[in-house]
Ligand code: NA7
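The data below hold one chain only, encoded as structure tokens and taken in the form predicted alone.
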């Protein structure tokens, strides 16, 4: 009899946490604080999640360090100092290791180990998780803190395996050695956030850089630079007040700078003046108090396009680097102070794939519809199978043997972004239909983990029943997600990874809740305060009726 066939009689742990990024580290610590037994698994060799794997040159966060950090522990807030307002990958991973060590959760994590499957046993109400070490552990509550951007998108190009030169993915950059690109001919495929960050770094050392772009993206200046000592002092003064305040905002962070005037009340000259002031102050996306209006967003989009265009010397290159096909915010915008200017260098060249598509990758380069480009190195900045991809990477089987892939065949469907009908007591922080990548992910990690463990505490206090959302609650939440997406310019009309458009054959469902962090948090806790009216409580095995 194999481990997966052996009857489950008693769980090995109360909680199993998969992943050790922001949500995973905090979940491990919270489990211990709540008196629960816990074990963690991490496929990498260290903590950090996406900040462990995405170690490519130039990788950094575009959310300011004032916000992109934990606030659950006041001492951690006061004892850690950031070097830059937008920290780089190495510093963020060091920070997460610092927190994991301070919270003493490293000992709970088994590294270099994938969780391959998770199966629910209806007779006992327990979950069995099988790992790449061919072990099986059982628990009452799996918390799959696997992140939204952790399943790399495989290049859908003929001949990828035929290339004889060096090939690297930004999503899994080598960590055991230095990648030396000096004097080499490098092709970079992809101009999303990772491409925008890595291309200027490659251009510093490579002899030739050929950038293969499918779609252009908005690129605005970063907020990087020295930390504001006064703001740091304010955050350290009362971190718990800051933590509470974050949950009262739209994005889960310190209030963003916003223009004082309304687009609809200004004439053309006034709008131009406000836009120029906003550009100088680096808050162009919120230049107007009514920036959410389509007509205001259109003006903001046009203004950013103009500023992008004037930074590139060659007119053809400038035209192709500017995103004419969608409004600002329709897909993930990028930030860089040097990306556009990099195309003014004589050895950097843009290849427009809509006009000259890649036909195949050859052993010594890339063949497009018009030419063959010799290359020594190919860098794939091709992004991720976002949000649902990490979930599908684990074979999850719930009630009646139904698989998560089947439950989500037509796109993700859940309630409040954390639980799925038919998969009792399984929790998915940072998953679909939550504020996710349109919020401060650090604040979201704390909020969702708090809600998850408050839910677990309620279940334990009520005889450990099995909890999962009602089917109609999921339908309601999908409609709510779409309702708020309709208010975001370009959200439902732009092809982006927000809706799975970057993956051939993937169901097109907008996967990010745009109703704001405050509304999301309040909706979650209304469920808890009212004994989960949007959920079904199943009988606890061996304990009689559910509470």
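Positions refer to the first chain, counted from 1. Owing to the predicted nature of the structure, the values given are computational and were not obtained by experimental measurement.
Note that the form predicted in complex with the ligand isn't included here; everything after this is about it.
Just one of 173, 283, 71, 384 comes within 4.5 Å of the ligand in the predicted bound form, counting any heavy atom, and that one is 384. Scanning 190, 412, 469, 435 against the ligand in the predicted bound form with a 4.5 Å heavy atom cut-off leaves one residue, 190. Stretch-level contact check against the ligand in the predicted bound form with heavy atoms at 4.5 Å: of 343-351, 146-154, 84-92, 460-468, the positive one is 146-154.
Using a 4.5 Å cut-off to the ligand in the predicted bound form, not one of 263, 289 and 489 places a heavy atom inside that distance. The ligand in the predicted bound form is approached by residue 195, whose closest heavy atom lies within 4.5 angstroms of it. The ligand is not drawn, but in the predicted bound form it has no heavy atom within 4.5 Å of residue 41.
In the predicted bound form, no heavy atom of residue 421 sits within 4.5 Å of the ligand. In the predicted bound form, the ligand sits beyond 4.5 Å of every heavy atom of residue 257. In the predicted bound form, 331, 332, 353 are the residues of 318-356 with at least one heavy atom within 4.5 Å of the ligand, listed from first to last.
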